[in-house]
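Just the one chain here, the form predicted alone, laid out as C-alpha coordinates.
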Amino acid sequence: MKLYQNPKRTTWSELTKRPSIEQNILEEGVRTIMQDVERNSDNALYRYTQLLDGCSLDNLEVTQKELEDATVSEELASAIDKAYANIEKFHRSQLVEEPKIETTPGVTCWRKSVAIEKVGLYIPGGSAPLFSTILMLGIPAKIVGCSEIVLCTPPDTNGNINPAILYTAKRVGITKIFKVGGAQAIGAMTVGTKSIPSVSKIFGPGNQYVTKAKELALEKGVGIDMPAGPSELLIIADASADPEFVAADLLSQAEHGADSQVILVSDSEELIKRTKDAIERQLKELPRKEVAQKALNNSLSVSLENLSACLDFSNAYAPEHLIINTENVNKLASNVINAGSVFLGNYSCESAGDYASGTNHTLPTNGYARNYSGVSIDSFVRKITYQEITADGIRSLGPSIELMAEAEELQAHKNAVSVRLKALNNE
(Lines give C-alpha, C1' and ligand atoms only; values in the text may rest on other atoms or scores of the structure.)
Protein backbone atom coordinates (compact mmCIF):
# COMPACT_ATOMS: atom_id res chain seq x y z
CA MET A 1 0.00 0.00 0.00
CA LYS A 2 1.43 3.32 -1.04
CA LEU A 3 1.42 6.01 1.66
CA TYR A 4 0.29 9.57 0.94
CA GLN A 5 1.02 12.14 3.65
CA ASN A 6 -1.34 15.11 3.77
CA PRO A 7 -2.08 15.16 0.02
CA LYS A 8 -3.58 18.41 -1.25
CA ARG A 9 -7.31 18.31 -1.90
CA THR A 10 -6.65 19.13 -5.53
CA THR A 11 -5.04 15.68 -5.86
CA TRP A 12 -7.89 13.73 -4.22
CA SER A 13 -9.78 13.12 -7.47
CA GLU A 14 -6.72 11.31 -8.81
CA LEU A 15 -6.16 9.35 -5.60
CA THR A 16 -9.78 8.18 -5.52
CA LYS A 17 -9.69 6.64 -8.99
CA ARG A 18 -10.17 2.87 -9.08
CA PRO A 19 -7.89 0.48 -10.96
CA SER A 20 -9.61 -0.51 -14.19
CA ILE A 21 -9.23 -2.12 -17.57
CA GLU A 22 -9.13 0.26 -20.54
CA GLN A 23 -12.83 0.80 -21.24
CA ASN A 24 -12.80 0.55 -25.05
CA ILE A 25 -11.02 -2.80 -24.95
CA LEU A 26 -13.29 -4.03 -22.15
CA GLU A 27 -16.52 -3.04 -23.88
CA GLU A 28 -15.46 -4.44 -27.24
CA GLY A 29 -14.64 -7.85 -25.76
CA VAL A 30 -17.81 -8.08 -23.66
CA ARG A 31 -20.06 -6.88 -26.50
CA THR A 32 -18.59 -9.57 -28.76
CA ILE A 33 -19.42 -12.26 -26.19
CA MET A 34 -22.97 -11.02 -25.70
CA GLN A 35 -23.63 -10.79 -29.43
CA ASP A 36 -22.27 -14.32 -29.86
CA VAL A 37 -24.68 -15.60 -27.19
CA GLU A 38 -27.59 -13.81 -28.88
CA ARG A 39 -26.74 -15.33 -32.27
CA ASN A 40 -25.65 -18.82 -31.27
CA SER A 41 -27.62 -19.46 -28.08
CA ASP A 42 -26.49 -22.49 -26.04
CA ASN A 43 -23.72 -23.34 -28.51
CA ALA A 44 -21.93 -20.12 -27.57
CA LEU A 45 -22.36 -20.89 -23.86
CA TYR A 46 -20.86 -24.37 -24.23
CA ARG A 47 -17.94 -22.90 -26.18
CA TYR A 48 -17.16 -20.14 -23.66
CA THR A 49 -17.48 -22.57 -20.75
CA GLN A 50 -14.87 -24.76 -22.42
CA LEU A 51 -12.62 -21.81 -23.25
CA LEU A 52 -12.88 -19.77 -20.04
CA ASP A 53 -13.77 -22.33 -17.37
CA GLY A 54 -11.85 -25.26 -18.82
CA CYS A 55 -14.68 -27.78 -18.78
CA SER A 56 -16.85 -29.53 -21.33
CA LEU A 57 -20.53 -29.77 -20.42
CA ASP A 58 -23.30 -32.02 -21.71
CA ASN A 59 -26.02 -30.00 -20.04
CA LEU A 60 -26.12 -26.41 -18.80
CA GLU A 61 -28.80 -26.85 -16.15
CA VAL A 62 -28.11 -28.31 -12.72
CA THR A 63 -30.12 -31.51 -12.40
CA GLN A 64 -32.57 -32.22 -9.60
CA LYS A 65 -30.27 -35.02 -8.40
CA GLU A 66 -27.26 -32.67 -8.23
CA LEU A 67 -29.35 -30.28 -6.17
CA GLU A 68 -30.66 -32.98 -3.84
CA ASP A 69 -27.18 -34.47 -3.33
CA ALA A 70 -25.58 -31.13 -2.38
CA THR A 71 -24.60 -31.15 1.28
CA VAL A 72 -22.43 -29.16 3.64
CA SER A 73 -21.21 -29.83 7.16
CA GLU A 74 -23.68 -29.54 10.03
CA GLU A 75 -21.70 -26.59 11.36
CA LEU A 76 -21.87 -24.70 8.05
CA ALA A 77 -25.56 -25.56 7.64
CA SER A 78 -26.22 -24.09 11.08
CA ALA A 79 -24.25 -20.95 10.21
CA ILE A 80 -26.22 -20.55 6.97
CA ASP A 81 -29.47 -20.95 8.93
CA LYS A 82 -28.43 -18.21 11.36
CA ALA A 83 -27.46 -15.87 8.52
CA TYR A 84 -30.71 -16.71 6.73
CA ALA A 85 -32.76 -15.77 9.80
CA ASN A 86 -30.99 -12.42 10.28
CA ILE A 87 -31.13 -11.45 6.60
CA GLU A 88 -34.77 -12.48 6.34
CA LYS A 89 -35.66 -10.53 9.48
CA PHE A 90 -33.92 -7.34 8.36
CA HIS A 91 -35.34 -7.43 4.83
CA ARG A 92 -38.87 -8.36 5.87
CA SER A 93 -38.87 -5.25 8.09
CA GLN A 94 -38.60 -3.20 4.88
CA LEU A 95 -42.07 -4.27 3.73
CA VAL A 96 -44.20 -1.17 4.19
CA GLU A 97 -47.74 -0.69 2.91
CA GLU A 98 -48.06 2.93 1.91
CA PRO A 99 -51.26 4.78 2.86
CA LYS A 100 -53.78 6.23 0.43
CA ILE A 101 -53.50 10.03 0.37
CA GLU A 102 -56.33 12.41 -0.46
CA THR A 103 -54.34 15.21 -2.10
CA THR A 104 -57.43 17.34 -2.52
CA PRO A 105 -61.10 16.58 -1.78
CA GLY A 106 -62.22 13.87 -4.19
CA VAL A 107 -58.68 13.04 -5.43
CA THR A 108 -57.00 9.99 -3.88
CA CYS A 109 -53.48 8.79 -4.79
CA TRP A 110 -51.44 5.81 -3.65
CA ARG A 111 -48.61 3.48 -4.56
CA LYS A 112 -48.50 -0.31 -4.67
CA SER A 113 -45.40 -2.49 -4.69
CA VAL A 114 -45.52 -5.24 -7.31
CA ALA A 115 -42.81 -7.91 -7.53
CA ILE A 116 -40.66 -8.12 -10.66
CA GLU A 117 -41.83 -11.38 -12.20
CA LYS A 118 -38.55 -12.77 -13.60
CA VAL A 119 -35.18 -12.03 -12.00
CA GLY A 120 -31.71 -13.37 -12.68
CA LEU A 121 -29.04 -13.86 -10.01
CA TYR A 122 -25.36 -13.97 -10.90
CA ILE A 123 -23.24 -15.75 -8.31
CA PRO A 124 -19.44 -15.67 -8.69
CA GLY A 125 -18.08 -19.17 -8.19
CA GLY A 126 -14.42 -19.28 -9.16
CA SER A 127 -11.70 -19.38 -6.54
CA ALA A 128 -14.15 -17.84 -4.02
CA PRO A 129 -17.64 -19.36 -4.41
CA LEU A 130 -19.88 -16.64 -3.00
CA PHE A 131 -22.78 -18.75 -1.74
CA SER A 132 -23.59 -15.97 0.75
CA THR A 133 -24.71 -13.81 -2.18
CA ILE A 134 -27.54 -16.30 -2.79
CA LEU A 135 -28.91 -15.40 0.63
CA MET A 136 -28.54 -11.69 -0.05
CA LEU A 137 -30.39 -11.85 -3.37
CA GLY A 138 -32.63 -14.88 -3.07
CA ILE A 139 -34.20 -14.01 0.29
CA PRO A 140 -35.60 -10.58 -0.70
CA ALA A 141 -36.71 -11.99 -4.07
CA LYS A 142 -38.67 -14.68 -2.25
CA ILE A 143 -40.08 -12.26 0.33
CA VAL A 144 -41.64 -10.00 -2.32
CA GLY A 145 -42.85 -12.93 -4.43
CA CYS A 146 -40.82 -12.90 -7.66
CA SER A 147 -42.43 -15.71 -9.66
CA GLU A 148 -39.29 -16.90 -11.46
CA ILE A 149 -35.72 -16.81 -10.15
CA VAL A 150 -32.88 -17.89 -12.46
CA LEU A 151 -29.39 -18.43 -11.03
CA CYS A 152 -26.19 -18.58 -13.08
CA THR A 153 -22.81 -19.51 -11.65
CA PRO A 154 -19.62 -20.85 -13.28
CA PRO A 155 -18.65 -24.54 -12.94
CA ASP A 156 -15.27 -25.90 -11.93
CA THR A 157 -13.05 -27.74 -14.41
CA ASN A 158 -14.98 -30.94 -13.75
CA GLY A 159 -18.28 -29.30 -14.59
CA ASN A 160 -19.48 -29.22 -10.99
CA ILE A 161 -20.94 -26.38 -8.91
CA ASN A 162 -19.57 -25.83 -5.43
CA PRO A 163 -21.79 -27.80 -2.99
CA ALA A 164 -22.23 -24.75 -0.73
CA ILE A 165 -23.73 -22.80 -3.64
CA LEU A 166 -26.17 -25.60 -4.45
CA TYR A 167 -27.05 -26.19 -0.80
CA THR A 168 -27.73 -22.50 -0.19
CA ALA A 169 -29.83 -22.21 -3.35
CA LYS A 170 -31.83 -25.22 -2.20
CA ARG A 171 -32.21 -23.66 1.26
CA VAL A 172 -33.59 -20.45 -0.26
CA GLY A 173 -35.83 -22.36 -2.67
CA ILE A 174 -34.12 -21.63 -5.98
CA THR A 175 -34.23 -24.54 -8.43
CA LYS A 176 -33.43 -23.04 -11.87
CA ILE A 177 -29.63 -23.11 -11.70
CA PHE A 178 -27.28 -23.01 -14.69
CA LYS A 179 -23.58 -23.76 -15.05
CA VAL A 180 -22.61 -20.56 -16.82
CA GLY A 181 -20.37 -17.74 -15.63
CA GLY A 182 -18.90 -14.46 -16.79
CA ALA A 183 -20.25 -12.05 -19.38
CA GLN A 184 -21.80 -14.98 -21.25
CA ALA A 185 -24.10 -15.68 -18.28
CA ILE A 186 -25.29 -12.08 -18.26
CA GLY A 187 -25.83 -12.30 -22.02
CA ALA A 188 -27.90 -15.48 -21.63
CA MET A 189 -30.16 -13.97 -18.98
CA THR A 190 -30.51 -10.82 -21.09
CA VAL A 191 -31.67 -12.33 -24.38
CA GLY A 192 -32.57 -15.88 -23.37
CA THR A 193 -31.20 -19.06 -24.93
CA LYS A 194 -32.58 -22.51 -25.61
CA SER A 195 -31.83 -23.51 -22.02
CA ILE A 196 -31.76 -20.27 -20.04
CA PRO A 197 -34.83 -18.02 -19.92
CA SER A 198 -34.51 -14.28 -20.29
CA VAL A 199 -35.26 -12.17 -17.21
CA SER A 200 -36.47 -8.64 -16.52
CA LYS A 201 -33.72 -7.65 -14.07
CA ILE A 202 -30.26 -9.02 -13.28
CA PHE A 203 -28.64 -8.95 -9.85
CA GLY A 204 -25.25 -9.88 -8.47
CA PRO A 205 -21.62 -8.82 -8.15
CA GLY A 206 -18.79 -9.73 -10.46
CA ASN A 207 -15.55 -8.62 -12.04
CA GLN A 208 -15.24 -5.80 -14.55
CA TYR A 209 -16.35 -8.07 -17.41
CA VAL A 210 -19.56 -9.03 -15.60
CA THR A 211 -20.19 -5.41 -14.65
CA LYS A 212 -19.74 -4.23 -18.23
CA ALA A 213 -22.07 -7.00 -19.44
CA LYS A 214 -24.73 -5.79 -17.00
CA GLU A 215 -24.34 -2.26 -18.33
CA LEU A 216 -24.81 -3.57 -21.88
CA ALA A 217 -27.90 -5.50 -20.74
CA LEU A 218 -29.53 -2.12 -20.13
CA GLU A 219 -29.34 -1.49 -23.87
CA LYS A 220 -31.63 -4.50 -24.34
CA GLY A 221 -34.18 -3.20 -21.87
CA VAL A 222 -33.13 -5.47 -19.02
CA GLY A 223 -32.75 -3.79 -15.64
CA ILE A 224 -29.80 -4.30 -13.30
CA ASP A 225 -29.37 -3.84 -9.57
CA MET A 226 -26.36 -1.52 -9.94
CA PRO A 227 -22.88 -1.45 -11.48
CA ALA A 228 -21.39 -3.72 -8.79
CA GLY A 229 -17.80 -4.42 -9.78
CA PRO A 230 -14.66 -5.35 -7.82
CA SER A 231 -15.00 -5.05 -4.04
CA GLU A 232 -13.58 -2.14 -2.09
CA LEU A 233 -13.20 -0.95 1.49
CA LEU A 234 -12.20 2.33 3.12
CA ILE A 235 -11.35 2.52 6.81
CA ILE A 236 -11.23 5.70 8.86
CA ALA A 237 -9.22 4.99 12.00
CA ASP A 238 -7.58 7.07 14.70
CA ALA A 239 -4.98 6.32 17.37
CA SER A 240 -7.57 4.48 19.48
CA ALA A 241 -8.05 1.76 16.85
CA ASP A 242 -6.42 -1.66 17.19
CA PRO A 243 -3.99 -1.98 14.25
CA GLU A 244 -4.45 -5.77 14.21
CA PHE A 245 -8.19 -5.29 13.69
CA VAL A 246 -7.63 -2.65 11.00
CA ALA A 247 -5.13 -4.85 9.16
CA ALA A 248 -7.48 -7.84 9.30
CA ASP A 249 -10.33 -5.78 7.87
CA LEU A 250 -8.20 -4.45 5.02
CA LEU A 251 -7.01 -7.95 4.14
CA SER A 252 -10.54 -9.34 4.30
CA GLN A 253 -11.44 -7.21 1.30
CA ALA A 254 -8.08 -7.46 -0.47
CA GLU A 255 -8.46 -11.24 -0.74
CA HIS A 256 -11.63 -10.86 -2.85
CA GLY A 257 -9.62 -10.34 -6.01
CA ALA A 258 -6.56 -8.79 -7.58
CA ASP A 259 -8.69 -5.89 -8.82
CA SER A 260 -10.12 -5.11 -5.38
CA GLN A 261 -8.99 -1.98 -3.56
CA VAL A 262 -8.61 -1.08 0.12
CA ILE A 263 -7.81 2.31 1.63
CA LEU A 264 -6.80 3.34 5.14
CA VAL A 265 -7.34 7.00 6.07
CA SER A 266 -6.10 8.22 9.44
CA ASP A 267 -5.00 11.27 11.40
CA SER A 268 -2.38 9.09 13.13
CA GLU A 269 0.82 8.24 11.26
CA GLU A 270 1.71 5.85 14.07
CA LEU A 271 -1.53 3.90 13.52
CA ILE A 272 -0.78 3.68 9.79
CA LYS A 273 2.73 2.38 10.49
CA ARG A 274 1.55 -0.22 12.99
CA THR A 275 -1.22 -1.33 10.65
CA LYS A 276 1.29 -1.75 7.83
CA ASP A 277 3.39 -4.00 10.07
CA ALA A 278 0.31 -6.00 11.05
CA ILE A 279 -0.68 -6.45 7.39
CA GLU A 280 2.75 -7.88 6.59
CA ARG A 281 2.46 -10.38 9.46
CA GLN A 282 -1.11 -11.44 8.75
CA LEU A 283 -0.63 -11.64 4.99
CA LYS A 284 1.90 -14.44 5.35
CA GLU A 285 -0.74 -16.67 6.95
CA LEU A 286 -3.43 -16.24 4.28
CA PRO A 287 -4.07 -18.98 1.71
CA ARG A 288 -5.03 -16.26 -0.81
CA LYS A 289 -2.00 -14.10 -0.02
CA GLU A 290 -0.97 -13.74 -3.67
CA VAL A 291 -4.40 -12.39 -4.61
CA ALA A 292 -4.44 -10.10 -1.58
CA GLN A 293 -0.96 -8.80 -2.37
CA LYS A 294 -2.01 -7.83 -5.89
CA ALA A 295 -4.96 -5.92 -4.46
CA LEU A 296 -2.68 -4.21 -1.95
CA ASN A 297 -0.51 -3.05 -4.83
CA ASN A 298 -3.56 -1.08 -6.06
CA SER A 299 -4.32 0.23 -2.58
CA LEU A 300 -3.19 3.13 -0.43
CA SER A 301 -2.88 4.68 3.02
CA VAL A 302 -3.62 8.37 3.45
CA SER A 303 -2.44 10.45 6.39
CA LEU A 304 -4.48 13.61 6.97
CA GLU A 305 -4.42 16.37 9.56
CA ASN A 306 -7.68 15.49 11.34
CA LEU A 307 -10.70 13.17 11.28
CA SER A 308 -12.87 15.77 9.59
CA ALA A 309 -10.51 15.71 6.61
CA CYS A 310 -10.52 11.90 6.73
CA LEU A 311 -14.30 11.88 6.39
CA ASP A 312 -14.12 14.40 3.54
CA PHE A 313 -11.72 12.06 1.73
CA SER A 314 -14.08 9.13 2.32
CA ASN A 315 -17.06 11.05 0.96
CA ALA A 316 -14.99 11.94 -2.11
CA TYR A 317 -14.10 8.27 -2.63
CA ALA A 318 -17.69 7.03 -1.99
CA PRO A 319 -16.67 3.54 -0.82
CA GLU A 320 -18.69 0.38 -1.17
CA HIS A 321 -17.84 -0.48 2.45
CA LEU A 322 -16.85 2.10 5.07
CA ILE A 323 -15.52 1.18 8.51
CA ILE A 324 -15.29 3.97 11.06
CA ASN A 325 -13.03 2.80 13.86
CA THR A 326 -12.49 5.91 15.96
CA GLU A 327 -13.04 7.11 19.49
CA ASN A 328 -16.08 9.24 18.64
CA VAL A 329 -17.80 7.04 16.04
CA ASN A 330 -21.27 8.54 16.06
CA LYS A 331 -20.14 12.09 15.37
CA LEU A 332 -18.35 11.01 12.19
CA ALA A 333 -21.08 8.57 11.17
CA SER A 334 -23.74 11.27 11.20
CA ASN A 335 -21.83 13.13 8.48
CA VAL A 336 -21.36 10.24 6.06
CA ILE A 337 -22.75 11.29 2.68
CA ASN A 338 -21.45 8.69 0.22
CA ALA A 339 -21.10 5.02 1.19
CA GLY A 340 -22.74 1.71 0.36
CA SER A 341 -22.70 0.25 3.88
CA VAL A 342 -21.17 1.64 7.08
CA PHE A 343 -19.66 -0.33 9.99
CA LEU A 344 -19.23 1.46 13.30
CA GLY A 345 -16.77 0.76 16.09
CA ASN A 346 -13.99 -1.59 17.02
CA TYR A 347 -15.98 -4.81 16.63
CA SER A 348 -18.08 -4.09 13.55
CA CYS A 349 -15.98 -5.95 11.03
CA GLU A 350 -17.04 -5.76 7.39
CA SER A 351 -17.19 -9.56 7.28
CA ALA A 352 -20.30 -9.40 9.47
CA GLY A 353 -22.15 -7.54 6.74
CA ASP A 354 -20.80 -9.90 4.11
CA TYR A 355 -22.37 -12.89 5.81
CA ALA A 356 -24.71 -12.78 8.71
CA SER A 357 -25.59 -9.49 10.45
CA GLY A 358 -28.66 -9.01 8.27
CA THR A 359 -27.79 -6.12 5.96
CA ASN A 360 -27.28 -6.77 2.27
CA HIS A 361 -23.78 -7.12 0.88
CA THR A 362 -24.65 -6.37 -2.75
CA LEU A 363 -23.51 -2.76 -2.82
CA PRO A 364 -22.49 -0.02 -5.26
CA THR A 365 -18.77 0.14 -6.10
CA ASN A 366 -16.51 2.33 -8.21
CA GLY A 367 -17.97 5.53 -6.76
CA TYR A 368 -21.57 4.61 -7.57
CA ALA A 369 -22.42 4.98 -3.88
CA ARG A 370 -22.92 8.64 -4.80
CA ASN A 371 -26.10 7.75 -6.68
CA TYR A 372 -27.03 4.11 -5.97
CA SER A 373 -28.20 2.26 -2.88
CA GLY A 374 -27.38 -1.31 -1.98
CA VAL A 375 -29.83 -4.11 -2.74
CA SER A 376 -32.99 -4.13 -0.63
CA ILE A 377 -36.59 -5.24 -0.85
CA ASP A 378 -37.23 -2.25 -3.11
CA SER A 379 -34.76 -3.62 -5.66
CA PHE A 380 -37.12 -6.50 -6.45
CA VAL A 381 -40.34 -4.56 -6.86
CA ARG A 382 -41.81 -1.86 -9.02
CA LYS A 383 -43.78 0.95 -7.45
CA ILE A 384 -47.00 1.48 -9.38
CA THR A 385 -48.97 4.63 -8.67
CA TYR A 386 -52.77 4.67 -8.58
CA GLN A 387 -55.27 7.48 -8.45
CA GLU A 388 -59.03 7.72 -8.21
CA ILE A 389 -60.90 10.95 -8.88
CA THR A 390 -64.55 11.47 -8.03
CA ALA A 391 -66.96 13.87 -9.69
CA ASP A 392 -66.31 16.40 -6.92
CA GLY A 393 -62.60 15.86 -7.39
CA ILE A 394 -62.61 16.66 -11.12
CA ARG A 395 -64.82 19.71 -10.46
CA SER A 396 -62.25 20.99 -7.96
CA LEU A 397 -59.05 20.07 -9.81
CA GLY A 398 -60.26 20.28 -13.43
CA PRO A 399 -59.94 24.04 -14.01
CA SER A 400 -56.29 23.99 -12.87
CA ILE A 401 -55.56 21.10 -15.26
CA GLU A 402 -57.25 22.96 -18.13
CA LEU A 403 -55.20 26.10 -17.54
CA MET A 404 -51.90 24.19 -17.34
CA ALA A 405 -52.65 22.11 -20.45
CA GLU A 406 -53.61 25.22 -22.42
CA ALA A 407 -50.40 26.95 -21.32
CA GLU A 408 -48.42 24.00 -22.72
CA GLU A 409 -50.50 24.16 -25.94
CA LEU A 410 -51.78 20.61 -25.44
CA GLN A 411 -55.42 21.07 -26.35
CA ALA A 412 -56.32 17.36 -26.22
CA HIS A 413 -55.10 17.20 -22.64
CA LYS A 414 -57.36 20.13 -21.77
CA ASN A 415 -60.27 18.58 -23.62
CA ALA A 416 -60.04 15.33 -21.60
CA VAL A 417 -61.00 17.43 -18.59
CA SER A 418 -63.38 19.79 -20.36
CA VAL A 419 -65.67 17.02 -21.68
CA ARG A 420 -66.06 15.69 -18.15
CA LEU A 421 -66.82 19.08 -16.64
CA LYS A 422 -69.33 19.76 -19.40
CA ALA A 423 -71.07 16.43 -18.75
CA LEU A 424 -71.27 17.15 -15.04
CA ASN A 425 -72.66 20.65 -15.66
CA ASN A 426 -75.38 19.18 -17.87
CA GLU A 427 -76.59 16.73 -15.23
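If you superpose the two forms and keep the largest set of C-alpha atoms that fall within 1.5 Å, you have the rigid core. All residue numbers are counted from 1 along the displayed sequence. This one's a predicted model, so the numbers in the text were calculated from it and none came from an experiment.
The same protein has a further form, the form predicted in complex with a further copy of the same chain, not shown here; the description that follows concerns it.
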### Selected contact from 132, 207, 268, 298, since only one has a non-hydrogen atom within 4.5 angstroms of a further copy of the same chain in the model of the complex
132
### Task
Only one of 272, 226, 150, 116 comes within 4.5 Å of a further copy of the same chain in the model of the complex by heavy atoms, so just point that one out.
116
### Stretch from 302-310, 183-191, 101-109, 169-177 whose residues place a heavy atom within 4.5 Å of a further copy of the same chain in the model of the complex
101-109
### Query
Taking heavy atoms only, is residue 44 within 4.5 angstroms of a further copy of the same chain in the model of the complex?
no
### Message
Residue-level question: is residue 334 within 4.5 Å of a further copy of the same chain in the model of the complex, judged on heavy atoms?
### Response
yes
### Interface membership of residue 239, a further copy of the same chain in the model of the complex, 4.5 Å heavy atom rule
no
### Query
Could you tell me if residue 157 has a non-hydrogen atom within 4.5 Å of a further copy of the same chain in the model of the complex?
no
### Query
If you look in the model of the complex, which residues in 334-348 sit within 4.5 Å of a further copy of the same chain (heavy atoms)?
334, 336, 337, 338, 339, 340, 341, 342, 343, 344, 346, 347, 348
### Message
On a rigid core superposition, would residue 38 pass a 2 Å threshold for CA movement between the shown form and the other one?
### Response
yes
